[in-house]
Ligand SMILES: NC(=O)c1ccc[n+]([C@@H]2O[C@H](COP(=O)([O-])OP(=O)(O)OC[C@H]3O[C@@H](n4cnc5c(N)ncnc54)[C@H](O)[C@@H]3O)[C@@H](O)[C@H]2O)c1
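This document starts with one chain, in the form predicted on its own, laid out as structure tokens.
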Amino acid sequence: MRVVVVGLGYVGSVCSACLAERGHDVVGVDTSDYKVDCIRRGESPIVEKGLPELIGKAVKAGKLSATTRIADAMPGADIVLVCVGTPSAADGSLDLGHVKRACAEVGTALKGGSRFVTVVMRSTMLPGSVLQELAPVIEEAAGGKAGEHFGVAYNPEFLREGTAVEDFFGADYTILGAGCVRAGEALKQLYAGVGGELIVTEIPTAEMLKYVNNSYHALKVAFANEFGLLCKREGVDSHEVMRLMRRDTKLNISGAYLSPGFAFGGSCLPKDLRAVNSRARHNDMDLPVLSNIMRSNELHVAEAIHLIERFKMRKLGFLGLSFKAGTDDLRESPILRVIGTLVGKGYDVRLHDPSLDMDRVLGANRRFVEDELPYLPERLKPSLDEVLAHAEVIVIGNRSAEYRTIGPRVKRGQVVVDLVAALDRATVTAGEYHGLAW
């Protein structure tokens, strides 16, 4: 393919060299004479391991060239990769000005052409940027419509400085956010044999994924650093602790707990977080990540209450009371705070949980019910059918197996509020379905 790479900074230089290595004909474009001259001489404009060799090889083979003018690079192009920076504005928002100017030039070069060219954004940008802000710029300049006369796409990069070439060729996956089928096919051809699995998705999903990845990396750094400080104060080897923590790839370094759902609860997580934060306060330590986890959890509970109340229906049916399906443990179950708040506001509430039998609730659980949930015995019903028949709003609070099949039983006029992603929304054909964070 003939590939035009607009912007020869860090991402653009690496992409240009690596795609040329794969056999594509690449033309790099930059307003900097220095960067363009470096490429023309077969030299790297940035310091990056392995890049000078790739650029020198590609230029010598005639697979990589450079120019300062987008118009000169565009004839015969199949794909344009826009790798122009998106710096922060004074208020922290993204400045898309440089990208918009590049897109306008690309669009002008496309005007009147018969070739279907896919314009791919690689710069970091928030969801909606490509379709709502940049595609219209190209359309106006080109006099055509995205998806018909040219393609648009978003292809986030996950290149780490110092290992960028290795990351390009050895990634677990390459994300292709495509605005149309032809754009997706062009990207799959471009990246054939590169970067692990090729995953085609919607453009906003690809845009958001970049932020999720980087925010999660930042969170991990801050999390490890805060526990490092606490370990040091307590005389514990922080590196040994985190080394052992990373050894668990079933729960710790894995996909476990990383799906949007309801607030956490139970006998462990809230209690242990409170203990850690109490010890930090005792040591006069400010650990903002750890101290705000519980606050974030409480806000999620408040969001659930707000979602239920917005329908202005008084008859509620709650399915699942324990913090985890298949148990009768009610300790610090977050759904109970939702129920308690709404009972206090006078809502007509019925409850069901297949694992909960009041005659068998004993010990600490029994005392907890008696002290904190006096409304529970009279509202807990053994029949799921009875609760479904009563409810105007059906709230799913845990993933018990029988709740996953209620979709077809929801009637017209009923609303399902799914707090735990238990249902496939497509199965709710008569009533309404609303997820908490999806």
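Keep in mind that this is a model prediction, so the values were computed, not measured. Numbering starts at 1 and follows the sequence shown.
Form predicted in complex with this ligand: not shown, discussed below.
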I'd like to know if Val26 sits close to this ligand in the model of the complex, meaning any non-hydrogen atom pair within 4.5 angstroms. no
Give a yes or no for Glu157: in the model of the complex, does one of its heavy atoms lie within 4.5 Å of a heavy atom belonging to this ligand? yes
Please run the contact check for Gly85 against this ligand in the model of the complex: heavy atoms, 4.5 angstroms, yes or no? yes
Considering non-hydrogen atoms and a 4.5 Å limit, does this ligand approach Thr31 in the model of the complex? yes
In the model of the complex, the residue from Glu197, Glu161, Asp72, Asp248 that sits within 4.5 Å of this ligand by heavy atoms: Glu161
If you check Asn277, Thr124, Thr327, Gln189 against this ligand in the model of the complex, which one has a heavy atom within 4.5 Å? Thr124
Pick from 294-302, 259-267, 228-236, 76-84: which stretch has non-hydrogen atoms within 4.5 Å of this ligand in the model of the complex? 76-84
In the model of the complex, does each of Val6, Val11 and Lys210 have a heavy atom within 4.5 Å of this ligand? yes
